[in-house]
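Consider the single chain below, provided in C-alpha cells and representing the form predicted alone.
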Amino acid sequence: MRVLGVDPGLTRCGVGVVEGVAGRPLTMVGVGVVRTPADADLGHRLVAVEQGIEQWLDEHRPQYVAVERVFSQHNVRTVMGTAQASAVAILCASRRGIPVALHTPSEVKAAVTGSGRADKAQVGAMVTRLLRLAAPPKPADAADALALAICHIWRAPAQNRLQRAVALHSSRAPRTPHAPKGRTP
C-alpha cells in the first residue's frame, strides 16, 4: 500500500509518501513541504498548494491519501487556512479517484507513538525509527505527514474490516414495516 500523508497548512503543507503493509517494515518513498508566502493573496496560495499536491500525486502515484482532520484551534485564522489547505488536498485526490482518509492528530500520535498526547519531538523520533531514517524529517510538518501515512497503513485494514462488517450487518437487518400515520402498532 502506498499512502500520501498530508499535514495541511497554507504556509507549510507537509507531504510524505510511505509504502508498506501493517506488520511489516515500512519504507519512506519521499518527504517534503509545499510552501507559500504568507503575504501572498489567498487564492494564489491555494493554487500553489494545489499545484504542489498535484506534483506529489503525479510523481508518487499513491493508492490512498491520508489528511489530518482539522480540529478546533483558538486562532480562527490558523484553523481557516488549515481547513482550506485540507480541502485542496481532498479535492486533488478525489478528482483522481484516490480514496481519502481523515485522521485526527491524537489518532496519529497514538498510532505512531502509543500516546495520543505525544509532542512533536516524540512523533518525529518515532517516524525516524519506524522508517529507519538517519535523522528526523524537518520541518515538523514533513514528519507529521509521514506519521499520517504510517497511521493510515496501520489502521486501514481494521477500519476496512469494520466498514465491511457494518455494511454486511445493515444488509441483513430485518426491515420493520412502518405503521400507517395516526395508528400505533
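The numbering used is simple: start at 1 and walk along the sequence shown. What you see is a predicted model, and the numbers here were worked out from it, not measured in a lab.
Although not depicted, the form predicted in complex with a further copy of the same chain is the subject of the following passage.
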Report yes if any heavy atom of T113 sits within 4.5 Å of a heavy atom of a further copy of the same chain in the predicted bound form; otherwise report no. no
Even though the partner isn't displayed, in the predicted bound form is H44 close enough to a further copy of the same chain, meaning a heavy atom within 4.5 Å? yes
a further copy of the same chain contact at S106 in the predicted bound form, heavy atom, 4.5 Å: no
Please determine whether V70 contacts a further copy of the same chain in the predicted bound form, using a 4.5 Å cut-off between heavy atoms. yes
Can we say D119, Q122 and A140 each have a non-hydrogen atom within 4.5 Å of a further copy of the same chain in the predicted bound form? no
Only one of these stretches, 128-136, 23-31, 147-155, 46-54, has heavy atoms within 4.5 Å of a further copy of the same chain in the predicted bound form; which one is it? 46-54
Contact check, 102-117 vs a further copy of the same chain in the predicted bound form, heavy atom within 4.5 Å, ordered by sequence, gives L102
